[in-house]
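Okay, here we've got a single chain as structure tokens, the form predicted alone, with questions on binding and movement later.
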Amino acid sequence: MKAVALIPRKPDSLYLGELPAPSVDDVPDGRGVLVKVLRVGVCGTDKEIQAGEYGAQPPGYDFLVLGHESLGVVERVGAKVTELAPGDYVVARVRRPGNSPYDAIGMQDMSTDDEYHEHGINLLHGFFTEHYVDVPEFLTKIPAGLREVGVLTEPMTVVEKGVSQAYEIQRRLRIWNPKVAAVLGAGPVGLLATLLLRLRGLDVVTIALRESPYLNSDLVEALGARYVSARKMSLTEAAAEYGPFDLMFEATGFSPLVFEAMQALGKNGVLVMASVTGGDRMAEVPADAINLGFVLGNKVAVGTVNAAQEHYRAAAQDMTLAEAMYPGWLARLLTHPVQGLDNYRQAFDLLDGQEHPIKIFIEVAPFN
């Protein structure tokens, strides 16, 4: 069967290869689930792996199959699978257990291992292929009503984890009741963060570089949030105008902005950082002022990456709620479909193009 793969750490080595077709019997004890891949999203992580910045092939292979934002449909299940049935739509978890104590208790998203096991990223093949086989413990059932937008589930889990961590940390304050949030960045994760915080009832200011109007700013405003262009108003000015910000969610990919966010964060506030920045940027910051503000203001900064099963379930629930409260909004994020694995280069070219895509995805197979 077809698979989009590359040689890890070798820039621009992407190619369309072949893998043996999996079988439900590949998993022992009758616990296999054979999944037909329907859609796979393409994101900045795939671009960075293609550029040779990171990634590792599974043991025994000299290549890595890409793809971690998946949506599929169950075709067959093993004799001892009761959680899923043929016809169910599913999303596969990306990170799998390693060797740390956190991995042992099902919290591999909090792993302290130096190397992570992540489908399509590190040590495990991804989902840019026609079928895969897995166990039900690592699959999340998606309601049929979400099938058209289900490929957004994985990026939504990153937001779910970040926001849930913020609320969990702030239990220390006993009466913390956030009112105003700032989202930095209006890409897919920033837009989904805006959505989730609006679903939580917060006033949201989403700040991004580009001036409105354009699709992303329209999507922000369709949620009843406020869009601010960083070309017209700095983060510090936005905090003075619309803050104080009780919660900030950073999803820009521009690390120096984190330090400005630390200053703009309100007292007793929490800053969630979701950008994975693998570069070598340097920044001169007012270190004493930031330190003083955090100490005297009881502020918190936390990073969020990947997600656990609870976040996949929460993503499905909140996406269902979003469909009811903001009908059609999620579908507007799916801006650039690409038909078939054979056209994989078109999908990756869009990442580098000037079309300003929100979500690129490959339609691997049609819905029945």
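Note that residue numbering follows the sequence shown and begins at 1. Keep in mind the model is a prediction, meaning the values are calculated, not measured.
The next section is about a form of this same protein that is not shown, the form predicted in complex with beta-D-glucopyranose (BGC).
Proximity to beta-D-glucopyranose (BGC) in the predicted bound form holds for none of 160, 166 and 272, with the criterion being a heavy atom within 4.5 Å. Only one segment in the set 289-297, 218-226, 258-266, 113-121 has residues whose heavy atoms sit within 4.5 Å of beta-D-glucopyranose (BGC) in the predicted bound form; it is 113-121. The contact with beta-D-glucopyranose (BGC) in the predicted bound form, taken as any heavy atom within 4.5 Å, belongs to 43 out of 43, 27, 34, 308. When beta-D-glucopyranose (BGC) is considered in the predicted bound form, only one residue from 94, 151, 186, 197 comes within 4.5 Å through any heavy atom, namely 94. In the predicted bound form, beta-D-glucopyranose (BGC) sits within 4.5 Å of a heavy atom of residue 276. In the predicted bound form, residue 68 approaches beta-D-glucopyranose (BGC) with a heavy atom inside 4.5 Å. beta-D-glucopyranose (BGC) in the predicted bound form comes within 4.5 Å of no heavy atom belonging to residue 61. Contact annotation: residue 54 falls within 4.5 Å of beta-D-glucopyranose (BGC) in the predicted bound form, judged by heavy atom distances. Residues of 208-228 are not found to place any heavy atom within 4.5 Å of beta-D-glucopyranose (BGC) in the predicted bound form.
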